[in-house]
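As structure tokens, the next two blocks hold two forms of the same chain, structure 1 and structure 2.
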Structure 1
Amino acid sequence: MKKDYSILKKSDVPAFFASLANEMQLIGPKQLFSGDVTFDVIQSHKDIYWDYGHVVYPPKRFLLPHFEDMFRYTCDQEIKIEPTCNPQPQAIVGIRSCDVAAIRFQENFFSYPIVDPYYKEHLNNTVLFNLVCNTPPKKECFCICCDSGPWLESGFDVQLTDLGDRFLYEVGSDKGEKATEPRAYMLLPATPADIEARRQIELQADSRFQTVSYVAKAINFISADEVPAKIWEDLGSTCFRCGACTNLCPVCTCFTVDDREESDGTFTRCRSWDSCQYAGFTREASGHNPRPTFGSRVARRFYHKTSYQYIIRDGRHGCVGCGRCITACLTKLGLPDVVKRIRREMHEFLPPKEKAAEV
């Protein structure tokens, strides 16, 4: 759709989102009494904490809940299934570009080859108001290496860029346009100076990042299955198996399902987050585990993140550069560190001719 720029004055922001709250639940960054910021249900537009940098706990849980009842069933005379998932309309306001990119990755993952009706329902009822990062990123951030920030060219429903006393307002989808239309009278036309101010933010972005990740090199080695098992086992030997990397990753989609017996004799099928770093994640009913070692599970995680085979299927590699895996891992198994270690250690395994080309 044609990109259209408008201006939303900050003095009109309270009225704008108070109006939106009449139509859907607002989710947004909220400052806790401890000073930490987390995404939560917004009861008042005053609770939206716009001046935040990054949150550790990604907002993916509002589309893929930690625990979710999928349906209820009985098995008496005949099997009866009753849906229990009934998402309500919601807007995630102030979500960062990397998290929007991660949600688009999950959208693709849960749409092909089998459509996940639960995720689809959540997404269909969600409008994403992306907030461009125009303050210095955290030292762990590397979204600019992953084409997922600090601003987006597409994938958002509405994108907001802070220009001081106003937001540059971009509509990026039909869903965003529909959410904007009843409040469009609060928007003003953007001037060339507003567009230029946004352009300057883009130009300054490169120099602000401290972390880089040469993902392309890992894609080559891992796609060709050239990384020796010894490297994976060395990496796996330092893993605590805490699952923090996969739980905090806004892209990861691992889940398991359980059946819960209710007091009335019915059963509820529910799902909950899981982690490919846990030994039981791929254990089969026979007891056989195709990934029995720590190294094989670390290899699996990075194969899913960076292999060409998954890039073809998922439309992009499985990292948005949010840096949460760097923050969470005590043993430096975040993606940039692993890519760096693979790149360096593979140097010992390359024949001389390839080694020269690699340097």
Structure 2
Amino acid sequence: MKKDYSILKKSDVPAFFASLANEMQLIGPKQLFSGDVTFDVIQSHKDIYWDYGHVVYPPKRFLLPHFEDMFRYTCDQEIKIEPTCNPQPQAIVGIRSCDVAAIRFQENFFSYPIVDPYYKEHLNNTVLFNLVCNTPPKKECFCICCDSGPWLESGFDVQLTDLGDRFLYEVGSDKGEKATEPRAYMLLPATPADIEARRQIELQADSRFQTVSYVAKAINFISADEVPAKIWEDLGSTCFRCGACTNLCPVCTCFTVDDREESDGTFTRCRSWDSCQYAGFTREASGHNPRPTFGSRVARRFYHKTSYQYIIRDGRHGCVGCGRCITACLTKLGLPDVVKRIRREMHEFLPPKEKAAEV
């Protein structure tokens, strides 16, 4: 597929997305009465709230629902099993680069080495319209440290860059091309000046981040299991086990499975989000729990986010720098803080010679 740039004038945006909405459900940033912005089903293209900085709630649930029926069955006389996955075509519009990167991470996880049929079906039916971040990032954002933003080289189906009165429109996949084709007449050719304008935006965007994350240092310590248990237990001692960090993380995928009886007497096997921060996550039926302490569970979360072993397994580290775990956590056990604390406290554990080299 040839990379090609065009222009979508802002005055054509309503018609463009109204036309897209005839073919698929639109998901996009929507402002609630409270003023918060969340990803939700968009009834009318007017509800797309383009002007947001960062959405606390990621669009993860449109690909990996909180609760997802896997199949339904009856078990009175005959056992009849009926799979229930039937996703409708959808476009996620105005999604940010970090969230697109997270979806690609999940796609990889759910297709290798064994394909998860539900995630695959959802993703096959989804077109991602990425919106480059050229508003100042929130103070929690650090995608720049995680190679997942503020714009993307690949991974999107369509990428939009706000150039004032128009969007630079960039198609990144066959799926994006297919979704563009019926509306291609609304697009204009991009000029070299448009592309230069975008380059300037990229340069500016780079310099505006406040949060930095010392992931690289943490990768070394965590991968080699060099972080003393005491540091983990100190970190874990403040955790409320609420699970907000993993629920809001666009990368986290863990789920549990339960059979539920319906009012009509049939049963549904349902999967729902779970969290490694909960004590019951690993507790075995015998009562033995391989991760019995808060510290061991916090260590688990950051091992999965940053370890070198996982980078080899999944192709990148398990954090896209969206900063949601910082916003969500009452006790500030967000990724940048934790890796910063590990870096600082590990410094005290280093022998004097290495310490000197460190500074």
Partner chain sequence: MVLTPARPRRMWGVTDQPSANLYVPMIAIVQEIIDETPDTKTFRLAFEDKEYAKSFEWEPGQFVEVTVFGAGEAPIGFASDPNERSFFEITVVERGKVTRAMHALKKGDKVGIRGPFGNCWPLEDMKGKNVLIVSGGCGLAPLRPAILQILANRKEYGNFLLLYGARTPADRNYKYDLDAWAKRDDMQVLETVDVGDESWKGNVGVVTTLFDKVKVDGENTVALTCGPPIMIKFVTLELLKMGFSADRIVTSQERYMKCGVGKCGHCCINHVYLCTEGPVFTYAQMKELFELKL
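All values derive from a computational prediction rather than experimental measurement. Residue 1 is the first residue of structure 1, and the numbers go on in sequence order from there. If you superpose the two forms and keep the largest set of C-alpha atoms that fall within 1.5 Å, you have the rigid core.
Source of structure 2: the form predicted in complex with its partner chain. With a cut-off of 2 Å and the rigid core superposed, residue 266 has a Cα displacement that reaches or exceeds the cut-off between the two structures.
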